[in-house]
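Just one chain follows, in the form predicted on its own, and it is written as structure tokens.
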């Protein structure tokens, strides 16, 4: 039997995009229904064991992968809170130069620092954004900082959405102490406390359209009558959901323009003990080369995570794991100029993405730079993610520099899919406008990473939350929350602000 509900707004998805708009609308007096395809989790469900948690809280047990000239694993969360459950909590504002480019290229004049500052500040307060302390960062960050300082490279401790963090080292597998302020601990409970209705394990199937405007949502076992529908299924699934219904197709851009912020990691062996399981996994960044599209951020984890991700096999893998406490690891992300697309094939999402020559060269340079940094920090051995140059010794860099690399020579992951329902002021160039309204439809909005029109060069969760908050204020007819402005300004990037 189908349950029938009446609400002012239905929000599909409870991640970084869906949860903030639902909370703002509910607190502003609207009746709201939130639909979440996945289950709800409590902190008690997070056992701090990656091998257990990956199958529980990751979509497809962490095996979502792109197809193209190099396979790239794309971890996505599934459940209340979406991917905010499994990310590292890093919070950056979008650099001003990127917002300027949005104005010039996409006509998004409204999305400028002055307009977004109050919404950023409101989000930062809501989720407890603060800077990691050196003590909490741990030795994995300390050796990288030591190398960066020796080379004169700019870096700093990251800002994160965490309160009372104790450095459990398992942010990406569900925080077991409730420190990381993901959407399932913050915005979703606040929306419910304000009167919103949450339905978990409930997949939205169709937006009911009549006369060119939204009239409701049909989901598994549920029908919601409403005048506003906010689609927040994420950059992979939002375009598929809209396309099935023939919505958002006028520009021809739906499902295209996929940026994924591809990444890899470099490891190094030290005589000193590192024990990267202790401390915040992503706690320090180096933005010295951000102008080249290269960003370094911490990447660490407990032994069972390391066993899954360390290079080599057999006896060499065993030897590496026996020295786990002496190994450091740091991440490299490329602000990609490559673009992909998403489509549905045989009932499943196909993510097509080819790494272009420019981004391949950036990865090679980034790996060389990290190797140089580790030598400056006193490493004994450096392990690279480049096929054919998996191990460097005695300060050597030439084997890596001489290597002619192809995309498939790298071991890659990606973490920030964006752009598949990109915002553009012109209906023939984008899927939504600056206010996140779907071009050509009344009452349908998109609030997730799919609207972000380009790679940001930094982690996007704060920007997605700020845009979602702004949408909530707009739907309520509320003025910009100027009282929030400049409360906190985390994450300025050298050479990119």
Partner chain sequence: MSALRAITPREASIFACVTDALVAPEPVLPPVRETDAVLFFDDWLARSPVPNRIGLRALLYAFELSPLLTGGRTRLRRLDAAGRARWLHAIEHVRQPQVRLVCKLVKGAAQLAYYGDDGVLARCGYDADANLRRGRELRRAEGRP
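These numbers were taken from a predicted model, which means no experiment stands behind them. Numbering follows the first chain given and starts at 1.
Separately, the form predicted in complex with the partner chain exists; it is not shown, and the next lines address it.
Residue 311 is the only one of 311, 113, 399, 128 with a heavy atom lying within 4.5 Å of the partner chain in the predicted bound form.
For the residues 71, 291, 378, 107, the 4.5 Å heavy atom test against the partner chain in the predicted bound form is passed only by 71.
Although the partner is absent from the chain shown here, none of 137, 149 and 269 has a heavy atom within 4.5 Å of the partner chain in the predicted bound form.
In plain terms, the part of the chain that comes close to the partner chain in the predicted bound form, with a heavy atom within 4.5 Å, is 403-411 out of 360-368, 137-145, 403-411, 119-127. For residue 185, a non-hydrogen atom is located within 4.5 Å of the partner chain in the predicted bound form, even though that partner is not displayed. The partner chain is not shown here, but in the predicted bound form it comes within 4.5 Å of a heavy atom of residue 315. Contact between residue 75 and the partner chain in the predicted bound form is not found at the 4.5 Å heavy atom cutoff. Taking the partner from the other structure, the partner chain in the predicted bound form has a heavy atom within 4.5 Å of a heavy atom of residue 164. Residues 60, 61, 63, 71 are the ones in 57-73 with at least one heavy atom within 4.5 Å of the partner chain in the predicted bound form, listed in sequence order.
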